[in-house]
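In structure tokens, the next block holds one chain alone, the form predicted on its own.
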């Protein structure tokens, strides 16, 4: 029997383990979800929405356990209180727009014809969620999928093994039928086999580029709808008219919060030459104030990376950049708890360029490179010089200028004077190797349903 284990970054111990389900048992679980789907979809929309929100509320009641479990599983400090702000905001917003997003489009209602388009649930939605924000990334799909009348099978990353189990428990305790929302533990081979067999009607995957390719290969020829959010290398651009202190505060937080393990975290920064020196000086001071340590300690502001192998990648990018002439500005002596393993000190690099992996490959850790630029044109070329496209953070007092640049940027979301945020009213989407599809907003509902047209000719 294959065991799926969560190795805690806190101390390297096995924090949790569960047996991986074999193919026949997994297929039977998915069949249960399929059998439950039609009756769930026949329930009034208002009832489905209400039950989802009750599930969200029940999870909030488990906050003390959730926060501690997250610290043990992936290293986020308990002082930050989990992911409930974003989790609740996204759920509540999707509940507010459910009726309007799923309402029929009426083309004609006359004495001769009823012509309209309805949104119909896909059926069984498979959500493969990541470990970095395991509750928020999952709820992006789970909440609207259930509200729209789908049943959901949830598989979480091994690093956050207990999250899916706890989410399903909360929703079932709140009244969602057991077979409507199911958690599953699977290894990669069984996951691929289920997908290749056409077991699901829609798949949403958040994870690595290679993981996304594996999903697409497994689904080839099944015509299963797929939504993918994959890699990122999100840039910030600080223009000469930016609010310097606000830019430093937001971009440094975006680069290092959650130990830099954010899908839309800031991974590279371009600063106009007139502000460059001041921006770098203030950024180093900002980052140097972190306290790296055990995430269960309420004084800790920066926890370990989720796994020591992730820290190996970040250290490797830093070392490569230094060997090519970059300069590290954060004094490692300020972080004696950096143990060469999962506990990794934050770092700011200058004298960097795009020949260095720290500026062109996903880092997903608390390290960021900063480059000086002379113009919007130079910054635009550098921001687009990347195989990923999730978000861009522009810093200026001029929204017209920001929008003009935004139209030239190869990205999913353009922020002005903000970063590392997911607005549930807007479509969360990416381009290039960041993936395809979109979640949240009215478009999220549309991606989790299919259109069905009705052309009803009345008898005269």
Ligand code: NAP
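Here the structure is a predicted model, which means the values were calculated and not measured. Numbering follows the first chain given and starts at 1.
Keep in mind that the form predicted in complex with the ligand is missing from the display, and what follows is about it.
Heavy atoms within 4.5 Å of the ligand in the predicted bound form belong, among the stretches 77-85, 104-112, 271-279, 226-234, to residues of 226-234. Shown alone here, residue 207 lies within 4.5 Å of the ligand in the predicted bound form, counting heavy atoms only.
The ligand is not shown here, and in the predicted bound form it never comes within 4.5 Å of any heavy atom of residue 143. Heavy atoms of residue 130 reach within 4.5 Å of the ligand in the predicted bound form, making it an interface residue. Using a 4.5 angstroms threshold between heavy atoms, residue 327 stays clear of the ligand in the predicted bound form.
The partner is absent here, but in the predicted bound form a heavy atom of 263, alone among 125, 263, 344, 247, sits within 4.5 Å of the ligand. Only one of 242, 157, 180, 318 lies close to the ligand in the predicted bound form, with a heavy atom inside 4.5 Å, and it is 157.
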